[in-house]
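Both blocks below hold the same protein chain, though in two forms, and each is given as structure tokens: structure 1 and structure 2.
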Structure 1
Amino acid sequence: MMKQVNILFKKEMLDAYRDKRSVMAGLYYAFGAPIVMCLLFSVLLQQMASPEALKITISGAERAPNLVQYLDSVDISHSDEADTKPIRLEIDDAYPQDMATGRSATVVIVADKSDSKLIKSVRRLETALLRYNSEVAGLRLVARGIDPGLMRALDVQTQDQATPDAKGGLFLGIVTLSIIIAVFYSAMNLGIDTSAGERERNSLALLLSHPLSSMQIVLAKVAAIATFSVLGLALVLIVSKFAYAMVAWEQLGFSITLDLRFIVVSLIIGIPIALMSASMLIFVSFMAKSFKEAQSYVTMVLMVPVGLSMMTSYDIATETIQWLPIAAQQYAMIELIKGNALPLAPLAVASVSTLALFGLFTYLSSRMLKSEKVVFGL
């Protein structure tokens, strides 16, 4: 029996290989996604960073020369040029009087805080003003013979257990999401073609007329599709490794490093997903009546794994979700990048249930192939 499946598998692989368009469509994703992501991230990081020299509008600067001088020393200065950020710092008329007499001197920041391109610069200005505030306040105490340490009633120390590799947060989720999705997308066209396509070309009936069980046919097709999925996964992993290494994460205080260990483990935990995805593609394609219909069904059904993966990426309801297929594997990948221990229990449960789904879809597909309605798309 295995021999026949093997021969059939080879035939499917040859078929797939000859269908250059489906193969390329799948591999485009594996190649393109990390590169597009990498470019997007680079642009995003640039937007999030505050420029080295922050230029703003300062009105009433002559009333607070020491403050203006301080801001200048931390590269925040007044400018009338075109590259000035739309942030205005207004120094109150009473500033000198208030400062000299020990009252709070008012400065007003005018800016649109919903502008995400501006937020980092606004925060930088706020932080600088807070620092100046505590510097002057501290010196006021020193001038009165009081230890300025008194203002720190609590000495709050944070011990962050994260490594620089673990601080990627949402970025880690998006990176792993794009990798997991590759398993589904890199063989999607192939899956539809080898089932719904074969039926439309009338070669499915021919295949069934051979002395083969429908289970053998389904298994061979699943194996071929899964092989392409794993190839796509391997490709996306390798491209990601190099693409993400080029993003200047370190400017935000973290890094995302995909090492060899990550690639190997991801490939291993990706195999059950590839089998499940392949069997699901075939099942859904046979359910449809035509090639076109199969395409829209598959796109809809793929929303489920993508959704699971998105929920992991955005950290929604992780406690429950992390035991489900796809989500568990992705969670494991995130932990691996962070340098934490693999969550073995959820990973094992999810891998078993992923394989169970593969069994179920394969069984259902082979049952369907016994029905004339399915075979002739009636």
Structure 2
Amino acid sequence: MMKQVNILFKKEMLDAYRDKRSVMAGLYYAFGAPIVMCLLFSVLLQQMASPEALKITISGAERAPNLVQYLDSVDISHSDEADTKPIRLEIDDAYPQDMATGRSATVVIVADKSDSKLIKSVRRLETALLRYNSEVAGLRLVARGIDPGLMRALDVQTQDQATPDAKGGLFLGIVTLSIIIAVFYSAMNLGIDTSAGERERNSLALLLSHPLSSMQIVLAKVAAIATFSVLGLALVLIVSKFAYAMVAWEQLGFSITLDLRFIVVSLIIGIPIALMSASMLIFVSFMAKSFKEAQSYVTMVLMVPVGLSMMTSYDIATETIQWLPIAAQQYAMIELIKGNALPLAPLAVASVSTLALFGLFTYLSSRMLKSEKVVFGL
């Protein structure tokens, strides 16, 4: 049986080699995603390290010169220019009297907080006002001979024991998300072409006319597709290692290092995902009646692993989903980058579950090939 599967595997690999455009389209993601992410992270870190000057409208600025001067010191200033944000800071008429008598002076922020492009600037202004409020309150207490420290019932100190590699947080999730997705997208075109594509070219019926079992045919196709998935995984890991090393993570006090151990372990834990992905692509493609329909089905189905990966990246219900396929492997990658021990129990359960899905999809696909409706797309 294995001899026939091996021959069919070589035939599938030769077909894939001849269709270079389809294969390269999948591998472009593995090569390009880390580079694009590297550029986006660099721009984001630059903005976080040195935020742009915030221009707003301040009504009644002459009533609060000290406040306006403080805001200027943190790059928040009054402006009438075209690039001024639609944020208005209204200073109450009684502001000078309230400040002089030690009462709470009223300032009002007028802005649309449902505007996603504006919310970051609003929060920045709110933070600056809170800091000014704290400084003025401290000065009032000192003027009355009261130690400002009395206002702090607790002196909270945190001894952060996290290593620089463990502080990546959301960035680590996004980095591993792009790596996991590469397993699925690297061989997506090949998976559709070798199933739905072959059926449209009538070569699938010709293949079934040979003395081969449908299981042998499916196993050979899965092996070929999984090989390209692993190739895409290896490519995205190698490119990521060099691309993310160029990002100035130290600006935020952490680092993301993808060493050789991470690459090797990621390849090992990625093999079950590659097998499951390949068998799932074939199963979904055989369910469709045409190549285009298969593309639509596959795109929709891939939302499931992408969703699991995104839940892990954004730390949503981590305690639950860390036992599920895809999520567990990605969680293990994150722990590996942090320098922590691998979560062996969830990883083992998820790997077995992933291989079980591979077996299920392979079996169902072989059963489907015994139906004329599937073989001829009726």
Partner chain sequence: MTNNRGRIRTLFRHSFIALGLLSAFASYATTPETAELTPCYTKGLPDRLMCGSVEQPLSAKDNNEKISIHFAVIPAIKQVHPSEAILAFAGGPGQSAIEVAAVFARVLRYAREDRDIILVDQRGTGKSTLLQCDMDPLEAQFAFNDDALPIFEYSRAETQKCKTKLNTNLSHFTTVAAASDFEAVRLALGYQKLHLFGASYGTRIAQEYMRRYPQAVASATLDGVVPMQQSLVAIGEAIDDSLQAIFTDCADTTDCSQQYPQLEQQYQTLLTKLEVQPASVQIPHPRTHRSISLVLTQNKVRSAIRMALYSHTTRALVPLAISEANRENYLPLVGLMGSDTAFGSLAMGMHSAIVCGEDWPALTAEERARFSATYFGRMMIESLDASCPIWQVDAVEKSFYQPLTTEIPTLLLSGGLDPATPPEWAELAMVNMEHARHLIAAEATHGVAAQSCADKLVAEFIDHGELKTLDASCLDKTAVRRYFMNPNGPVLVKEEP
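Numbering for residues begins at 1 and runs along the sequence of structure 1. The structure presented is a predicted model; accordingly, all values stated were derived computationally and were not measured. The term rigid core refers to the maximal set of C-alpha atoms that superpose within 1.5 Å between the two forms.
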Displayed copy of the chain that is the form predicted on its own: 2
Rigid core fit then K338 CA moved by 2 Å or more between the two structures: no
CA of K289, rigid core aligned, shift of 2 Å or more between the two structures: no
Cα displacement of G253 between the two structures reaching 2 Å, rigid core superposed: no
Angstrom displacement of the CA atom of A153 between the two structures, core fixed: 6.3
Core-fitted comparison between the two structures - CA shift at R63, Å: 13.2
